[in-house]
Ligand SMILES: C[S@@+](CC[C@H](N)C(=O)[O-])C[C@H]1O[C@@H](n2cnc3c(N)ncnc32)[C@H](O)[C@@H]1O
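In the block that follows, a single chain appears as structure tokens, in the form predicted on its own.
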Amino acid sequence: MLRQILRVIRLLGLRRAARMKKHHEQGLKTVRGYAACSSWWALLDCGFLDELEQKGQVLQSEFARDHSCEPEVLAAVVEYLDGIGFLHQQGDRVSLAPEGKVLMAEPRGMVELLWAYEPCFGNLGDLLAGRKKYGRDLTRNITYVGIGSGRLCEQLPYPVMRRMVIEHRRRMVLDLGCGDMAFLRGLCGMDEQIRGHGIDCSQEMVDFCLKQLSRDDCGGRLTAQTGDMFDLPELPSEVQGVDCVTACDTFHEYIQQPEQLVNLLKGLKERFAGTMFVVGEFCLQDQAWLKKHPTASLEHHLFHQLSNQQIGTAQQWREIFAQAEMQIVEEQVYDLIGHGYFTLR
């Protein structure tokens, strides 16, 4: 090996050889990030990584057979992820390496949310050239929007909002834009007197929820249905006496038409008289601050911009609530992560 290195140095010169090595290493970070993420997505989506986490180790040949995977493709992906230290492979046996275990913990929601917006990135050239338009030619992987968002929200948004609900002793919670129902499920797990009902406009998302509920519905205390929050359907007979309406990261998709949100809140307030509202929403962070502190909010802002969504400032939310004649009982805004939480009456 040393002889080969010396031969390259004699051929290119020490300075040029060192510069090329440094530049290749810098470029590899970008290339590897894309290849590693794409490989990880595929193994998440087919269930391979969840099985690794549950069982500790998996025989890849058996998994390929039992899950109708192409064994050669699975072997190639596993070999690559073993090479970069995400998996540990010994012959046919595969397990999660320490770095892979980390990715399956808190960062998993980030990876899943990026997968939800993969259609935007996979078609970025066409979006840039105007050959395709978001909403007309492509859209998000909506189920992974719910799953990824739900997992990320468990880190702060859901704990804050659940505390607000429980401290005000609410019992019948209607969650708008319920996603994968992680918020309601956690809430029902904290208090056996709470009942939760989720509404989501995506039939695909609700089908996912119903499948989950068929396995565990917290003793009949969790239900879900498809519905447009701007034209709420009749609620099931068992959903009576709604005393709390919640929404996490649901309203910002309509902030381009603030009067629509104002009318929505007024209508909900009229329909559910005396009800408390708990709202969690993105609050736009300053671009100059983000440039100095390049957190994951940069990617999150990009997701929203590519999918024609806007993020409001905390002040914009206050103004919308005021126009809807709602009083802010409690407010918590975390500028560091660009998120705010409001208890309203």
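Quick caveat: nothing in here was measured; it's all calculated off a predicted structure. Counting begins at 1, following the sequence as shown.
One more form of this protein exists, namely the form predicted in complex with this ligand; it is left out here, but the text below deals with it.
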| item | value |
| --- | --- |
| This ligand contact at residue 201 in the predicted complex, heavy atom, 4.5 Å | yes |
| Residue 96, heavy atom within 4.5 angstroms of this ligand in the predicted complex | no |
| Proximity of residue 158 to this ligand in the predicted complex, heavy atoms at 4.5 Å | yes |
| is_contact(residue 142, this ligand) in the predicted complex, heavy atom dist at most 4.5 Å | yes |
| Proximity to this ligand in the predicted complex (heavy atom, within 4.5 Å), stretch among 227 to 235, 88 to 96, 212 to 220, 125 to 133 | 227 to 235 |
| Heavy atom within 4.5 Å of this ligand in the predicted complex - the one residue of 164, 205, 77, 244 that qualifies | 205 |
| Candidate from 118, 82, 191, 253 lying within 4.5 Å of this ligand in the predicted complex - any heavy atom | 253 |
| Site test, 258, 312 and 319 vs this ligand in the predicted complex, non-hydrogen atom cutoff 4.5 Å | no |
| Within 142 to 164, the residues that have a heavy atom no more than 4.5 Å from this ligand in the predicted complex | 142, 145, 146, 149, 150, 153, 158 |
